[in-house]
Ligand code: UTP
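A single chain comes next, written as structure tokens; it is the form predicted on its own.
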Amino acid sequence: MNIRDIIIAHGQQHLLPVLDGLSGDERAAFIEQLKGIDWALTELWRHPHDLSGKGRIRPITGLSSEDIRRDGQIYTRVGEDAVRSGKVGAVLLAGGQGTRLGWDAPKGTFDLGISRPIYIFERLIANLSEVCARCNCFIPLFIMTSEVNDAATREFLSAHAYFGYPERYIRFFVQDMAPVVDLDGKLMLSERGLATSPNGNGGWYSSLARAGVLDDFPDIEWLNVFAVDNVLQRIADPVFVGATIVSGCNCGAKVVRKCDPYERVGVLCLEDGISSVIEYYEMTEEMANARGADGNLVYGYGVILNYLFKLSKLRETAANRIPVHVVRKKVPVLQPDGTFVKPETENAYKFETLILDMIRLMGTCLPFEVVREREFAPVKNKIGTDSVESARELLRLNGVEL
């Protein structure tokens, strides 16, 4: 079918006058956008997946911090061998802006320093570099950006000489975008053509695979995926890598013990016998407060978005669609008269996937408990909980001069 037939077949006739009003490069770009649409997504607003129901939830057994201290030498040896052999790659999810921090730029460029500049990107690369120094090698680093911040991220890291990390081991890739529809399912327009939004952090692997950059490092067997906002996390941590390999699981997840039953973090569990993550708001009062004989919360393994995935299993499950979350949002829209309007109420549906939904697709996942004060300093808010202030205090506690 030609592009006009495709538009009509999917009930998007309101786009025909837009198409007819364009010419040259603008028309070609608009047509390319339309050709790239996953039309199955645009129908989900009518019949969204039921993501509210869960199967039979049971606690999951993992490695406690005591277990890790006891057997750490074994795990370290296995993990260091994997790192030195080029079997481990690191994937930094850095597509977000620092809006909640009052920073209109990529979040990784935010400066946490007081007496000197200390950027979020700088701290993450320093953490990765520690492992490289220990293993006497460099770990491929794949940085996921977004259409909004790709250029700014590349320019910033280049200007800072990648904080000492060799450029030949760094690859950038842009997160895939998903279409945005109005509350009647009509594709919306922005100042740059179709309105789109990033497809959620669950789209990291499909975006990475489509970019083809994994081909540059054919020995990789494991990918350590981590978020930009936790400045203390250990990346490609040999103990974590080794423990996951020894366990025989298809993935591992770094977790912290929940600080209270109602902490707003997802929790690793078993769902119908398969490793999964249940969100804090999906737990019953009884589940949230249940404690074992040791006094610890039964559902106490809080995920911190630091996962190790077996690449062969990722490739095996690539054809399976991750559950898509249909979310109502406020989306600025280009009106037929050419005016650009920022709505005061929710006017659109966005389609997002979540990395935590990938855990179930992997089949088996090893919970790997880390010490909260050493590896969990999220920078999500300007002040208060999980903020710039709290991250600075934790950095100081870990010997980082601010």
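Numbers follow the displayed sequence, beginning with 1. Nothing here was measured: the structure is a model prediction, and the numbers come from that model. Between two forms, the rigid core is defined as the largest C-alpha subset superposing within 1.5 Å.
There is another form of the same protein, the form predicted together with this ligand; it is not shown, and what comes next is about it.
Put simply, of L93, V174, M283, L297 only one has a heavy atom within 4.5 Å of this ligand in the predicted complex, and it is L93. The contact residue chosen from S275, N224, N199, T109 relative to this ligand in the predicted complex is N199, the criterion being a non-hydrogen atom within 4.5 angstroms.
The partner is not drawn, yet in the predicted complex one stretch among 185 to 193, 245 to 253, 317 to 325, 96 to 104 has residues with heavy atoms inside 4.5 Å of this ligand: 96 to 104. Although the partner is absent here, V228 sits close enough that one of its heavy atoms falls within 4.5 Å of this ligand in the predicted complex. Proximity of L214 to this ligand in the predicted complex falls outside the 4.5 Å heavy atom cutoff.
The closest heavy atom approach of V265 to this ligand in the predicted complex falls outside 4.5 Å.
Interface membership of R392, defined by any non-hydrogen atom within 4.5 Å of this ligand in the predicted complex, is ruled out.
The partner is not shown here, but in the predicted complex the stretch 284 to 319 reaches within 4.5 angstroms of this ligand through a heavy atom at L305 alone. Relative to the superposed core, R360 undergoes a C-alpha shift smaller than 2 Å between this form and the one not shown.
After superposition on the rigid core, the Cα of K329 moves by 2 Å or more between this form and the one not shown. Annotation: Cα of K350 displaced by at least 2 Å between this form and the one not shown, core superposition.
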